[in-house]
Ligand SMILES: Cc1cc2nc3c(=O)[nH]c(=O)nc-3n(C[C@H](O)[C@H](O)[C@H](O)COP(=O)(O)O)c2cc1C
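A single chain comes next, written as structure tokens; it is the form predicted alone.
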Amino acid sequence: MKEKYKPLFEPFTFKSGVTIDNRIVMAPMTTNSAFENGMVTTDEHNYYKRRTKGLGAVITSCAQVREDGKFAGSLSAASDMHIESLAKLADTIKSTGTKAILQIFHVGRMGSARTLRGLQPVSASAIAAMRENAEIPRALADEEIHDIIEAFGQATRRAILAGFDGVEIHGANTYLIQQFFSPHSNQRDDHWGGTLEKRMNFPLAVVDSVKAAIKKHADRPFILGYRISPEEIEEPGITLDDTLALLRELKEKELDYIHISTGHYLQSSIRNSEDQTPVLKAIVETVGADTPIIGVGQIITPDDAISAIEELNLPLLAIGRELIVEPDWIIKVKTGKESTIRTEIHLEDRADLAFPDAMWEYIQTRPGWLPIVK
């Protein structure tokens, strides 16, 4: 490999004691390809196996912690009957020496009665999302909230039994945990909402539940990460100051990493156009000395990756869409063949890229999401 890319291949050891071979992880990306019951399909196994070799870790697409918290085609960690299926996925990822991290979530108000077999979606408050045809969710009762918090711990237990090397709590991308943190979707006036501090209670309780499960059930070092979206465009919505306050609390939880979901690694505030400071830079300066930050967003070339590490002082990087386009990204950089990295998808590439049918359909219906040449 070229000398300048060597920082990408330095090993990294998390607080938990797990060591990964390099600084590149695969970002969690929805494949929409699980069976209706949440079991892993052969197509998904083939999709992951095509992309895992050489990476430090793979973070899977999200797995629901309860059956009332899913979307069509999502994985499930909602019951013990899913452990065997999850174990096969963990084995597929780990077969190439890559660490396997299961992302766990609840869809909240982003679900639909159709997918939930007639059940009304649930959320912090009975407020619909700002999207076309969004359904009005049912506000969760206090007892139900405690049940969901416990469900995150149970899903973690299942991930441990399935052989995963860690879990990532999905507190981003408008799903339930973010809905509790957001002043748009959470307009409660009890323990779970009403002030910034109370809006933090649900995400922090989920972290505590997951940590307790790890302490009780893991007989080996086990990674705990948390993914967060730093801002919302809704009004009222999550501000960067809100997020920095939550991150200070998360820092005290001794997480292995915090994964920041941004569209571009140099993205500045989407709420304050006058502030041109990269959001990741502000976050690293606030908590990065104590908690490793994973940066993500439009990291396409190895030069982008080096730029993100050097300019933002990031210890870890997640690559998403570019690994869909070029499964051999990390191998090509390591072997000095970075000039052959694929940056476009031609229709004849589909078989080599091992796209599940449902994922290919999803890609086709979202022009511009991936660089497809027809």
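So that there is no doubt, residue numbering starts at 1 and follows the sequence shown. From a predicted model like this one, the values you see are computed outputs, not experimental measurements.
Missing here is the form predicted together with the named molecule; even so, the following discussion is about that form.
Tell me which stretch of 195 to 203, 248 to 256, 133 to 141, 168 to 176 has a heavy atom within 4.5 angstroms of the named molecule in the predicted bound form. That would be 168 to 176.
With heavy atoms only and a cut-off of 4.5 Å, decide whether residue 298 touches the named molecule in the predicted bound form. Contact with the named molecule, yes.
Is the gap between residue 291 and the named molecule in the predicted bound form 4.5 Å or less for some heavy atom pair? Output for residue 291 is no: heavy atoms all beyond 4.5 Å of the named molecule.
With heavy atoms only and a cut-off of 4.5 Å, decide whether residue 28 touches the named molecule in the predicted bound form. Residue 28: yes, in contact with the named molecule in the predicted bound form.
Considering only heavy atoms, tell me if residue 98 and the named molecule come within 4.5 Å of each other in the predicted bound form. The answer is no: residue 98 has no heavy atom within 4.5 Å of the named molecule.
Just to confirm, with a 4.5 Å cut-off on non-hydrogen atoms, which of 158, 227, 106, 109 contacts the named molecule in the predicted bound form? Residue within 4.5 Å of the partner: 227.
Only one of 187, 262, 85, 269 has a non-hydrogen atom within 4.5 angstroms of the named molecule in the predicted bound form; which is it? Looking at the other structure, the residue within range turns out to be 262.
Would 41, 93 and 356 all count as contacting the named molecule in the predicted bound form, using a 4.5 Å heavy atom cut-off? Negative, none of the three is within 4.5 Å.
Are there residues in 301 to 325 with a heavy atom within 4.5 Å of the named molecule in the predicted bound form, and which are they, in order? 319, 320, 321, in sequence order.
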